[in-house]
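A single chain comes next, written as structure tokens; it is the form predicted on its own.
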């Protein structure tokens, strides 16, 4: 097979108030899996958006097989065999079309442009063949809206390679996947590598990079830092390059007083995934809802926040029974939810930092007759940005222009302003780098120190062990075990998370 070489030299790009890339470099060959990593805001996603044609106002050179090429649109990139699968898979697929139609979408659009009839039988035949080659067990005639998140991701990969694909960019592909789904993805990646496709793999899960990647490039503050073979580095050395300093203890120690029980859930169930769930949390305490992806943790969190259409059971705050029928009532009773899907449910990506930070507590920023106090908005937002360590040119910057870690800090910050009694965090470190993770852990423990009750739902069992006081293990929508976390190991959590019984 003929090997292709890709090089990006001196790539620089500016956005209002910030230089996102500063003489960035990147190089790789086909037939390799190449990790591209860095802290949130390092510029890795921006660099890949340049390569895929999403950002066109850059300076520098891109070379394919040592010949300069121009990529000034997504079509330019596709014509050169460069494809990208973004982290937000739902926005890249058309839910009311079938799997086959989504995979062969480019062919369908091109056919329509030439005033040709679409031959659906041929569309499904070609799509089915591609699915079979990739060992993806999904019918080409299923509607995309019926697929799991993992299946949608596989469909996007199939679409990317449905035409000539020399380089495939995967942006945080494993963030929403279970361990079994991740291994299935890795099988496809290995298959593509064997077919001489070059895979650019962006991930914050450093351990998995050592399992699937051949080479690794580190970026920091928009600049190239290093390019190594994966066997020549360690996780500690990579983290040090990412952060520019040695990584301190990931889980901070914050002295707290755990006081009286303030939030109780008894026999909670709904028509969906929640099955007879009971737990409690005290003031100053962090409890974990531990379980694998799909166990029902998110459904429990949403049910507590008024997202369930039919809910049974008892929810009490300070001994008082609550009837939470919607999120507005949940906020009124003193609950706050930082959801797993921050871009869909936790923030307004098209609005600025200030608007997002103040959105959960508008009454606090209002004059009489509901007019907003803009000076108060600016003052509090500026203070919160400084307190959270958010990297942003200003409070007027749109959240769409911030990194994932900084977006997550804003999703948390709006509830700090609202000053709730019970904070529910659903996978709060998803897609967040190691440095920002520690910032988030510190914020959560500081809330507990102030006497807040914290519910921490996560499939990252290391985090459950590192940050919680007690843990409730969720399996198939049920609480199957309560554990004292300081007397618990990850292995025990995994045992019960996979259906193990005493």
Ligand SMILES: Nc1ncnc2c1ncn2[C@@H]1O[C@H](COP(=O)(O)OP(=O)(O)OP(=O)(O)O)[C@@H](O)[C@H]1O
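Since we're looking at a predicted model, the values are computed, not measured. Note that the rigid core is defined as the largest set of C-alphas that superpose within 1.5 Å between two forms. Positions refer to the first chain, counted from 1.
Note that the form predicted in complex with this ligand isn't included here; everything after this is about it.
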Practice item. Spot the stretch among 351 to 359, 154 to 162, 401 to 409, 330 to 338 with residues whose non-hydrogen atoms come within 4.5 Å of this ligand in the predicted complex. Key: 401 to 409
Check your understanding: Does any heavy atom of residue 55 come within 4.5 Å of a heavy atom of this ligand in the predicted complex?
Key -> yes
Review point. Just to confirm, residue 18 within 4.5 Å of this ligand in the predicted complex by heavy atoms?
Key: yes
Review point. Does this ligand come within 4.5 Å of any heavy atom of residue 98 in the predicted complex?
Key: no
Practice item. Find out whether any non-hydrogen atom of residue 217 is located within 4.5 angstroms of this ligand in the predicted complex, and reply yes or no. Key: no
Revision key, fill the gap. Interface check vs this ligand in the predicted complex: of 87, 102, 308, 429, the one with a heavy atom inside 4.5 Å is 87
**Study point:** Contact residue in the predicted complex, chosen from 391, 269, 166, 414 - any heavy atom within 4.5 Å of this ligand
**Key:** 391
Review point. All three of 39, 43 and 172 touching this ligand in the predicted complex at 4.5 Å, heavy atom to heavy atom?
Key: yes
Review point. What residues in 181 to 207 sit within 4.5 Å of this ligand in the predicted complex, counting heavy atoms only?
Key: 204
Review point. On a core-based superposition, does residue 389 travel 2 Å or more at its Cα between the shown form and the other one?
Key: yes
